[in-house]
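Okay, so here's just one chain, in structure tokens, the form predicted alone.
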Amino acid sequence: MYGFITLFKKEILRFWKVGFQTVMAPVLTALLYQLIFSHVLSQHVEAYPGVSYTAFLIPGLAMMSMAQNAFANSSSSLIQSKITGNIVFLLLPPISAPAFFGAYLLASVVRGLVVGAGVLLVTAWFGLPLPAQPLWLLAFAVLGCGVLGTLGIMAGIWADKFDQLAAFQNFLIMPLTFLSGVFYSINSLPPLWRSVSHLNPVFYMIDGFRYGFFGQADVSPWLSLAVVGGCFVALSLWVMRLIASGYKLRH
């Protein structure tokens, strides 16, 4: 466990030492989204019965920020190590694939949760109620960060340079997060686009997380949990196989 603990501490310190960039900046971005969208749409949109649009928006922004930062943490760390060449110092010690994966994943989850807590803290004064289902909220927060942290490891392993990683983020992660019901309920969409939204795993993360606050959701929280949990298990097994094979790490 020494290798796992040391690598985990290294990853925590890596983002914490530049916390103004890695934590405060995404919190500020979410606050700006909240200010703009709540000002423009709060009098015109009611996503759930009895829930103001301003309150509806907060969990979606928090989950979106957690997901994006969990992805950024693991992907940026791996690509930086590969480009600077210090990845060799992580591969030389006898760290098993599960320990290597677990350290990067857990650090990504921690960063995501810290950012999410910051977003909820600065937006709570907009009228966010206390969680109606706190265990559901926690489950989707951890699993959502886990899925995107795992995707970040995959992207960091696959990418050879920063523009490849940027393409992965801009053409996959950003559309998945922005088109997942952060700013709207998918029940307001036409039938075709509602069906397309059901193919987006990030939708289930946000919908389940929102259920934790309001006790209301667009789909069953059990379905959301099954989809998010299944994605996490499948991606984790795939990424650990990549790490064990040394794909783009050892050769």
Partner chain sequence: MTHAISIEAVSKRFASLQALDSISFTVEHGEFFALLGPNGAGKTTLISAMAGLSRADSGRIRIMGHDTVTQTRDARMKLGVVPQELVFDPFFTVRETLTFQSGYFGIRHNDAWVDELLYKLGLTDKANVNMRALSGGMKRRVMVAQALVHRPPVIVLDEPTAGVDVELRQSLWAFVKELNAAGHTIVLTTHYLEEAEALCSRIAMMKKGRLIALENKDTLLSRSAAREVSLQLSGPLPASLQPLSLRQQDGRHILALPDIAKLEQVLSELRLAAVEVRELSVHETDLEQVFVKLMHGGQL
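A quick note: this is a predicted structure, and the numbers were derived from the prediction, not measured. Numbering follows the first chain given and starts at 1.
As for the form predicted together with its partner chain, it is not shown, yet the points below apply to it.
Contact annotation: of the candidates A124, L91, A117, A132, the single residue with a non-hydrogen atom within 4.5 angstroms of its partner chain in the predicted complex is L91. Considering its partner chain in the predicted complex, the lone stretch of 168-176, 105-113, 82-90, 152-160 in range is 82-90 [heavy atom distance within 4.5 Å]. Within this chain, V142 is remote from the site of its partner chain in the predicted complex, having no heavy atom within 4.5 Å.
Remark: L13 counts among the residues lining its partner chain in the predicted complex, judged by a heavy atom distance of 4.5 Å or less. When contacts are judged by a 4.5 Å heavy atom cut-off, L137 does not count as touching its partner chain in the predicted complex. Although the partner is absent here, R241 sits far enough away that none of its heavy atoms falls within 4.5 Å of its partner chain in the predicted complex. Proximity of T6, K17 and R250 to its partner chain in the predicted complex is complete: all three residues have a non-hydrogen atom within 4.5 angstroms.
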